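Before any questions on binding or motion, here is one chain by itself as structure tokens, the form predicted on its own.
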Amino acid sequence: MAEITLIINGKKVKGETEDTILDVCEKNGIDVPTLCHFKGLTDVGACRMCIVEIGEERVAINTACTTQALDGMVVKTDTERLNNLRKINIELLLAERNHFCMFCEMSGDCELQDLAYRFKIDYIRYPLLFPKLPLDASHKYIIIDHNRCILCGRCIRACDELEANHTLDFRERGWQKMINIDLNSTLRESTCTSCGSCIQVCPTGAIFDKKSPYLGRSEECEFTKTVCSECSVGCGTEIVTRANHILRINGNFDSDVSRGLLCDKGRFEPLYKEKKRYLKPMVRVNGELKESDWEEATKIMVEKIGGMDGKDIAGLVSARATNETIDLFKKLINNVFCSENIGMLHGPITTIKGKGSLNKILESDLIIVVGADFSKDHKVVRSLIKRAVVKNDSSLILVNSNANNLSSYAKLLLKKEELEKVNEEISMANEVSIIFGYKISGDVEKWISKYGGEVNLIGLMPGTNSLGAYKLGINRNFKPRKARGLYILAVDEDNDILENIIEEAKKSEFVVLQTSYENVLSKEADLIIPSMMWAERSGNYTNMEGKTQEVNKSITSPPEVKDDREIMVSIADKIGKFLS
């Protein structure tokens, strides 16, 4: 793109040929009020707040967000005429729907309210319409109050352009116009995937989540950018906290992995999990777990596990642990306990190394999904696939995949025995992405391997930091076997993963469980060591692309709970070995 020069408010500023006037203003720190504009979404010029004067002799008034910037263009953004028109627009919005701020949970965080204060609106010159519109609270996480809606269309564009689900649109006309959910459905009964993007982009109190209303305004909160710990995509998140409590989870629009998009598992589920938290070590005495202290717990650990032969000890670590924690755990098992019997809680998976890029999915004219299940994890990958098919007209082939609403987008639905049919499709394509699950069979592995260096190859890893663990030397083909001493670093792992090793735990003579919460393994454990939960950890993850991502703690752990790494160093010290 070539550089261009504009004169804005009497000063020369630089932009690029594909910029809009608003783009140029933002790049040069020139403030232009907006309401329907949201970074990352298509601009439609609906609110008319970003209007600017263009030209000198014959002055035109256009929206800055939809007008292309041209070299030599003369623009004014802050004139009495423009501000009077903006004020009229705000008054009309305030007159149309019920915006009594004292009853709205977004008061203090509302963009419409901010503009009303900015333009000093203390009364409204127009008749108040205030039609009685419905409030939809049927959804598990989301509430839509149509009375607060200003019809900016941000939620519709987010649903279309980010999640590619097209659940939302407009219906009716005039004062009755409102957001439509599928065919006049409720949100609970609709095709909504619960990604929550509509909540984050809404500028008023029209769409909000059920968990965080009235718990704190932005100025009272802290915002921590980190990485989602729910699967291996590595979506960027922004954790909103107040007084060391998590209020909500936002998508980070600056993330080069997800670019603001989250799924329900990343945005909502961590806030809705209700589990008993372990704050002190627990020791099994006469068949029952009794509360203990760190000194006794460490002593028992050293006596029981430390006194065993290395070949009788096994270690299992969760992929939700950071690279630093996994590395230290491996050293503890290998160097302190002298055992090579160490693996991941997720069990054996394919050995194919995916080195692809998620962003290249959107550039592919052919996408092949093999042995993938998007019903629980990796839902953002599913959204990228839908976006590629709908927006870029990419072809989609599904092979042995539980695609969870992708079937209607597919050109072909095949079984693994029909893989050879895909070869011809690949030969005719320019850019190909192959996305595969981690439980594919050997013959499928062989087929994928022959395209390893030619296509965008993405492996859906089973846990948040599986790839990081494998790079640190944790055997991805490891199968748990009977061990006298079993040390499980589960952190805050879910029960559906922990259930897979219950039988191994039952066979072990002594089981150490390092965990944040009570889980299905608790009744098999002889010693339970409290662990930090996801929001209290810091370090690094390696996502499915191989990118190293920084994990930042957003809340402080309870004073009784120690860092996992501190615990392992303490155990090594008691045994008389150095661990770093």
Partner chain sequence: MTKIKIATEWLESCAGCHMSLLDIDERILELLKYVEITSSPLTDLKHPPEEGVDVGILSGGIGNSDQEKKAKEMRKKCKILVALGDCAVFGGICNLRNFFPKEEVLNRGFVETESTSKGKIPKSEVLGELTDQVSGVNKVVKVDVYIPGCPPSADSIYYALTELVNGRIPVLEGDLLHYD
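Keep in mind that this is a model prediction, so the values were computed, not measured. Positions refer to the first chain, counted from 1.
Quick note: we don't show the form predicted together with its partner chain, though the next part is all about it.
- Listed stretches are 407 to 415, 233 to 241, 119 to 127, 420 to 428; the contact stretch with its partner chain in the predicted complex is 119 to 127, by a heavy atom cutoff of 4.5 Å.
- Contact annotation for residue 101: at least one heavy atom lies within 4.5 Å of its partner chain in the predicted complex.
- Within this chain, residue 131 lines the site of its partner chain in the predicted complex, having a heavy atom no more than 4.5 Å away.
- Heavy atoms of residue 217 reach within 4.5 Å of its partner chain in the predicted complex, making it an interface residue.
- The closest non-hydrogen atom of residue 323 lies beyond 4.5 Å of its partner chain in the predicted complex.
- Exactly one listed residue, out of 255, 180, 193, 107, brings a non-hydrogen atom to within 4.5 Å of its partner chain in the predicted complex: 107.
- Checked against its partner chain in the predicted complex, the candidates 250, 395, 212, 113 yield a single residue with a heavy atom inside 4.5 Å, and that residue is 113.
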